[in-house]
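Starting off, we have a lone chain in the form predicted on its own, written out as structure tokens.
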Amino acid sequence: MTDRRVLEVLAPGPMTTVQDLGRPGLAHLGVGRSGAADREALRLANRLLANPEGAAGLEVTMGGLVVRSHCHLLVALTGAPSPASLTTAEGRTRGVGHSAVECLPPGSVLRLGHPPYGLRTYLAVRGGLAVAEVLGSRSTDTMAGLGPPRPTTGTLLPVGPPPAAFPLIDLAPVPRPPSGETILEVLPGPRHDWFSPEALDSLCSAPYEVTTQSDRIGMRLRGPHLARANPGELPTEGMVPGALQVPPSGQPTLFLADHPVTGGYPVIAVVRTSHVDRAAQARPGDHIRFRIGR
């Protein structure tokens, strides 16, 4: 144990990464944006702590994270509501609030359980995680292999100095992340004319199931078949978060934070930017319904 501003990982859970708001504006160099899959959840956690909105925190998929504080730290949990508990160095245990400012005394252990709904929980620390930047970001890009390695048992995460501003509130009431059927607005994509005239209606006609072939790169969906009208080969072109790319199977893939910067299958539609965060909280087995935005 030290008195440094450090968070020690005792167990990382199934999937934990360090994320900030990513590396926008570098696609021309072949570098994707990456960053938090649910950016609004990370922003909220940082606002609660009076951090800059883009300060780095932990993105925890399906809970399971256990960390120990080496000093007094203020933290906030947002996104998927993992049940959380805090055990002090003296052995006293209490519950930890969600979307709330919490104090971790030195030697205390924070445990995150399995969220009952939603997929990704964010743990922000006042001062932000001060791991080394790569190309201006502390995000882990799981596809490109950029950024800090995934925390493992024993990883010591340095915490930056607290900002001058103080938290103004200690709780933020927020609506629960969607569960079951998630509604996502889309706009026609740059290659929607490569599909049959009925394809966009088919996309919105029935829900798609989120399959287990889903991660930070994208989610493969199972639902109505999207028929092509143009069977030709498409030159590789740029991709964005929210793009619904359709391979020959006719089943779309929704690109998320670590998506490839280019792709060779046509994009029938693109999910509105504000709804990509919502999509990032859908878990395998959930259903997504698309509707054309106005």
Partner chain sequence: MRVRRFGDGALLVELGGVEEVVALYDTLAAAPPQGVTDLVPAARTLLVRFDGVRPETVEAAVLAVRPRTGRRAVSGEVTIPVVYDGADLAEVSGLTGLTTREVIAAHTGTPWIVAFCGFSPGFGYLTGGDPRLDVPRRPESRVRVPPGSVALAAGFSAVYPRESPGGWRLLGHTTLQIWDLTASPPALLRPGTRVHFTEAGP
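Positions refer to the first chain, counted from 1. Bear in mind that the values here come from a model prediction, so they are computed numbers and not experimental data.
There is also a form predicted in complex with its partner chain; it is not shown, and the following applies to it.
> Hey, in the predicted complex, does residue 191 get a heavy atom within 4.5 angstroms of its partner chain?
Close contact exists here: in the predicted complex, residue 191 approaches its partner chain to within 4.5 Å, heavy atoms only.
> May I ask you to state whether residue 229 is within 4.5 Å of its partner chain in the predicted complex, using heavy atom distances?
Residue 229: no contact with its partner chain in the predicted complex.
> Within 4.5 Å, heavy atoms only: does residue 243 come near its partner chain in the predicted complex?
Judged by the heavy-atom cut-off of 4.5 Å, residue 243 is in contact with its partner chain in the predicted complex.
> Using a 4.5 angstroms cut-off on non-hydrogen atoms, would residue 14 count as touching its partner chain in the predicted complex?
Residue 14: no contact with its partner chain in the predicted complex.
> Quick one: of 131, 217, 74, 146, which gets a non-hydrogen atom within 4.5 angstroms of its partner chain in the predicted complex?
Of 131, 217, 74, 146, the residue with a heavy atom within 4.5 Å of its partner chain in the predicted complex is 146.
> Identify, from the list 187, 89, 183, 204, the residue with a heavy atom within 4.5 Å of its partner chain in the predicted complex.
Of the candidates 187, 89, 183, 204, 187 is the one lying within 4.5 Å of its partner chain in the predicted complex.
> 26, 33 and 236 - do all three of these have some heavy atom no more than 4.5 Å from its partner chain in the predicted complex?
Yes, the whole trio is in contact, each within 4.5 Å by some heavy atom.
> The chain here is shown without its partner chain. Which stretch in 133-141, 207-215, 90-98, 158-166 comes within 4.5 angstroms of it in the predicted complex, by heavy atom distance?
Selected stretch: 133-141.
> Taking only heavy atoms into account, state which residues of 250-287 are within 4.5 Å of its partner chain in the predicted complex, ordered by sequence.
Contacting residues: 259, 261, 262, 267, 270, 272, 273.
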